[in-house]
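Next up is one chain by itself, shown in structure tokens, the form predicted alone.
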């Protein structure tokens, strides 16, 4: 019987072999990379996949750059007032002139309103005020000690404060753009300082309460309950009345910061206490006790780092709450007071409904408040998801 001919073995494509080898090698390298990665590297790899968190982080970096270089971004003195230029509407920037990139604004001409007999300013299309970037202007102390006069925006001729009003002026004729830059500096930094103090108090007192227990735990928990039971608005009204009227802006700023910190540490302390109660029975804590580690070393070198990611996430979510608290209290006149400049102080001019109808640009400070709070929440959600070991 005749056997069927053998089929020739089809040679394997070299391209397929190379591709599979590359894939297998890449997969092995990725697994090895993950296996030897630190906790912070794993958090960063997860965090950068969160698009909203990355966008919120970028926005917050811009906000803090404005806070750090507020003198540079503002083009005039934020407290310079002139009753003749009260409630000027924002000017529109025209970016091109005769087909070329040459930004300018129309000059303003004063006139008397025949109905209200108030002085109003209208743009004059026949006069152009050309803008320049990194222009010389009002002198200031860069970072508090370097004398400079360069600003992001200026005018080519004359003073920027006399002809440039990008966001209009308030009731006293003060430039809203420059005031918004300094308000960003105050409101964003007061959140950082307050959260830093609250973080120290919450971690230390919550850790001590959960680690030692007994009478110490009872006393700290009763203090937390008393602080959380105090009505907020009456407390702030009393504190606002207690602050001396002759205090400077810096003194009031630090007083408000400390007061917010003394009230805002209680929630974090409760969370830290619960984590310490669950961790103090773990094997690594008992091992640290057996080798003779001190109580402070066990708390700060072994227990706190085990949930530091949760503390970071809680901190990023607490900053917008403090920013909203400062803005609300200053808006109600219970927080920072003029001549201090913050988002809440700027919004005090928007309390009158008549002023809002006539000059709606006074509500512009609400935009950075909303944007900053959303950015903090997005970043906090990204950090919380990145720090979750069960994802």
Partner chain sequence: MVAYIVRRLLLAVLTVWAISVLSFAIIHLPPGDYVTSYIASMSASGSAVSEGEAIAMREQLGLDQPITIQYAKWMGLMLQGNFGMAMEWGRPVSDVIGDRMSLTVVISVAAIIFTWAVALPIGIYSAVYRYSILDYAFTFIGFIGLAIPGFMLALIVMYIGFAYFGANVGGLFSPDYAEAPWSWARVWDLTLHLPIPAIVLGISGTAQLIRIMRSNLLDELRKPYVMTARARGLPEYRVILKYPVRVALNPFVSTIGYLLPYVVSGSIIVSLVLSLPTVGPLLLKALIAQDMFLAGTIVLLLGVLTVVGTFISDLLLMWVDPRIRLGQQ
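For clarity, a rigid core is taken as the largest C-alpha set superposing within 1.5 Å between two forms. Numbering follows the first chain given and starts at 1. None of the values given here were measured: they were computed from a predicted structure.
Same protein, other form: the form predicted in complex with its partner chain, not shown, and the subject of what follows.
> Among 190, 204 and 212, does every residue place a heavy atom within 4.5 Å of its partner chain in the predicted complex?
None of them does, since no heavy atom lies within 4.5 Å of the partner.
> Is residue 231 a contact residue for its partner chain in the predicted complex, using a 4.5 Å heavy atom cut-off?
Taking the distances in the predicted complex, the answer for residue 231 is yes, it comes within 4.5 Å of its partner chain.
> Can you check whether residue 235 is within 4.5 Å of its partner chain in the predicted complex, heavy atom basis?
Although its partner chain is absent here, residue 235 would touch it in the predicted complex, with heavy atoms inside 4.5 Å.
> With heavy atoms only and a cut-off of 4.5 Å, decide whether residue 222 touches its partner chain in the predicted complex.
Looking in the predicted complex, residue contacts with its partner chain include residue 222, since a heavy atom lies within 4.5 Å.
> Determine whether any heavy atom of residue 41 comes within 4.5 Å of a heavy atom of its partner chain in the predicted complex, and answer yes or no.
Residue 41 lies outside the contact set for its partner chain.
> Of 322, 60, 66, 347, which residue is found within 4.5 angstroms of its partner chain in the predicted complex when only non-hydrogen atoms are counted?
Checking each option against its partner chain in the predicted complex, the one that comes within 4.5 Å is 347.
> Here the chain is shown alone; which of 226, 291, 250, 143 has a heavy atom within 4.5 Å of its partner chain in the predicted complex?
None of the other options qualify; the answer is 226.
> In the predicted complex, which residues of 320 to 338 put a heavy atom within 4.5 Å of its partner chain?
Residues within 4.5 Å: 324, 327, 328, 331, 332, 334.
> 2 Å or more on the CA of residue 221 between this form and the one not shown, with the rigid core superposed, yes or no?
Yes; that C-alpha moves by at least 2 Å between this form and the one not shown.
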